[in-house]
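Only one chain is given next, in C-alpha cells, and it is the form predicted alone.
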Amino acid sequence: MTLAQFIAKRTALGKRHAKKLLENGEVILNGNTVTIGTIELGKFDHLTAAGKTLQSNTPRYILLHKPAGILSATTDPTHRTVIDLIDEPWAHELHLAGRLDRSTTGLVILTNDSKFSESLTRPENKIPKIYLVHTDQAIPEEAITKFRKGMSFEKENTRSQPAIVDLLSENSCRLTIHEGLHHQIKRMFLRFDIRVTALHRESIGSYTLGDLQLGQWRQET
C-alpha cells in the first residue's frame, strides 16, 4: 500500500487530505519528511502524519525451546501452544517459522515478519536443520548411506537433499536435513522399520538454542 493510500485509510479523511499533508511536509517516514505519496509503506516502517503516529510496528524474532507436549500452533482449544509460553502482550502477533511435532523438543522460531519466516521455510533456500535422534534399535549402515544420498518422498513428489549423519551411538545420531516435510525424520527411519523414540531440534540455519532451558525463549535483534 502506498503512503497516500495508507494515510487516507487511517485518517478516514480521504485522498485529498492525505495529499495535502504530504505537500505541507507533515508526513514523517522513519524520521524523514516525505512528500511523495506513491512510496510503498513497509510493515515495519514508522509513520506519523500531522503529529499523530499512524504506524509503529516492531519486528520480532523469537527463539523458543519447546518442551514435549506443547503444540507448534498459535491457538488450540485443548492443548497449550508455544504462544502460551510467551507472556507478552504482543505474543498474539507471532506466527511459526517451521513447526515441530507435539512430542518433539527443541528450537522453534516465531516472528511477525512474514518475509523472514518465508526465507527459513522455502525449500529452495535449503536451510539446514540439525536434530538429535534416538531410535528403538541400532541404526544400520544401509540407512546412513541412504540418508546421505537423499531419499524420495512420493506423497510430496519430491526428493530430499543429501543429509549429514553423525552416528553418536548404535541407536542415536545427529542428523542434518534441509527440508521440513511432515514427520520427515520419522518417515526416513521407518523405511528401515526403525522407530524414533526421541527427537530434538538443535538449530535452524545459524540460529541455535544456546543456553535456553525447556520452555524458555529469547528475542533476537
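Note that the coordinates shown come from a computational prediction; the quantities given were computed from them, not determined experimentally. Residue numbers here begin at 1 and follow the sequence given.
One more form of this protein should be noted, the form predicted together with uracil (URA), which is absent from this view; the next part is about it.
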Among 140 to 148, 98 to 106, 112 to 120, 73 to 81, the region lying within 4.5 Å of uracil (URA) in the model of the complex by heavy atom distance: 98 to 106
Would you please decide whether Leu209 lies within 4.5 angstroms of uracil (URA) in the model of the complex, comparing each non-hydrogen atom pair? no
Is there a non-hydrogen atom of Gln55 within 4.5 angstroms of a non-hydrogen atom of uracil (URA) in the model of the complex? no
Under a 4.5 Å heavy atom criterion, is His183 part of the interface with uracil (URA) in the model of the complex? yes
In the model of the complex, does Leu199 come within 4.5 Å of uracil (URA), counting heavy atoms only? yes
In the model of the complex, which residues of 111 to 131 put a heavy atom within 4.5 Å of uracil (URA)? Tyr131
